[in-house]
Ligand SMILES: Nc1nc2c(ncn2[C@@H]2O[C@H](COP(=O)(O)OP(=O)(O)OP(=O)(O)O)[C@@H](O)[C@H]2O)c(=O)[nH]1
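As a starting point, one isolated chain is supplied in structure tokens, in the form predicted on its own.
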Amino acid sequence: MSEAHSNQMLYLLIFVGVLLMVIVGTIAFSQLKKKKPIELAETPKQPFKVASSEEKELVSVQTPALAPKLTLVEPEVETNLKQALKKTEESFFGRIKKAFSNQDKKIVLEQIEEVLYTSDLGPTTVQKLLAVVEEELSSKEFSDLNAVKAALKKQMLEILKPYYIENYANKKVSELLTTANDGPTVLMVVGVNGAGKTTSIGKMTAQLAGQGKKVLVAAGDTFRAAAGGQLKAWTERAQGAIDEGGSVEIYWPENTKDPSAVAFDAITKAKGQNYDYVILDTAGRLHTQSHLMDELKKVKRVMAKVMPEAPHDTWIVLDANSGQNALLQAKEFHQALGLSGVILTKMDGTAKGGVALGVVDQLQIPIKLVGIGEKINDLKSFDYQEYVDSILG
């Protein structure tokens, strides 16, 4: 092959090689264009400033490649009793204040009487307060709102104080229960459907287990199919809220339909395995259903066969929104079971918080706890002094 011919072949090979490189490069570039480019837009132009605990809580940090993200949420604001009773205050004392805008003593007295009777206090309690108001209004200061407020406050405190120990505010559930001398402390929880029994039990168990206690929750509502599942969900939530130490377990036998048998076996298990507390949930029932109330009496009798002093406490859960009906429920349950305490729920969403005073006055049993929100810590000991101060403005 001549030298000229060899050069032509060489040039051809070089041309083919360059052409192939161009084709491959074009294909590779088109494939890269189809891929989604790396997003850098989400990266803030300025670095994040982690908020202080008083401002915002940093709850999660996600760090995908080249695009770090921070999720910030507002901290949960804890509700107190005063905030929860805002509607009750507006309904009760707000209406009394309005009555004093009239200069006619008779009209003022009539309007105050109406406010008291429509504030879910109960007629017996109303008569006690009305007598004080009439006495105050008969003096030269009958038109002095502050004088009437002071008289009402004094009478309300006189009604409540005998049922509460000193420094009752901020007491833990364990301090409100009658502690067993030997073996587990047993609490029986009763009330009508929808009052908040299961929720209250979940909140109580979280608090007890958070103190390092071993808690067994017995699913004694064997009539309602979903009751055990709801109780299990709450006990799991309670267990998840525990930092260390304590534990929560549910006793929920699948094939047992007799609530008395559930109570018996749960206490037996708790005694044998050194539990600190047994909390028995019961079927919600109307206070007018006497045959169902008789069944609750049976449950209580059966408990005593395992531990003579059990249950150490029987608490009723009442929905504050029920007003006077809650008072009627408490009377019937108390007559049947001998209640030792009350949990008053949904105080944060009602203007009928006055029922707390009526319950204590007419049943002579204390409000132990009040539900003032949906969070697991929103079950507080009933501070009677704060309660009176709150509804009187």
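Counting begins at 1, following the sequence as shown. Just so it is clear, the model here is predicted, and its values are computed rather than measured.
There is also a form predicted together with this ligand; it is not shown, and the following applies to it.
Note on the interface: of 301-309, 109-117, 154-162, 185-193, the segment with non-hydrogen atoms within 4.5 angstroms of this ligand in the predicted bound form is 185-193. Among heavy atoms of K368, none comes within 4.5 Å of this ligand in the predicted bound form. Taking the partner from the other structure, this ligand in the predicted bound form has no heavy atom within 4.5 Å of any heavy atom of D361. Using a 4.5 angstroms limit between non-hydrogen atoms, T199 touches this ligand in the predicted bound form. Put simply, Q207 is far from this ligand in the predicted bound form: not one heavy atom of it is within 4.5 Å.
Put simply, of Q230, S91, S322, S260 only one has a heavy atom within 4.5 Å of this ligand in the predicted bound form, and it is Q230. Residues T345, K346, D348 of 322-354 are found to place at least one heavy atom within 4.5 Å of this ligand in the predicted bound form.
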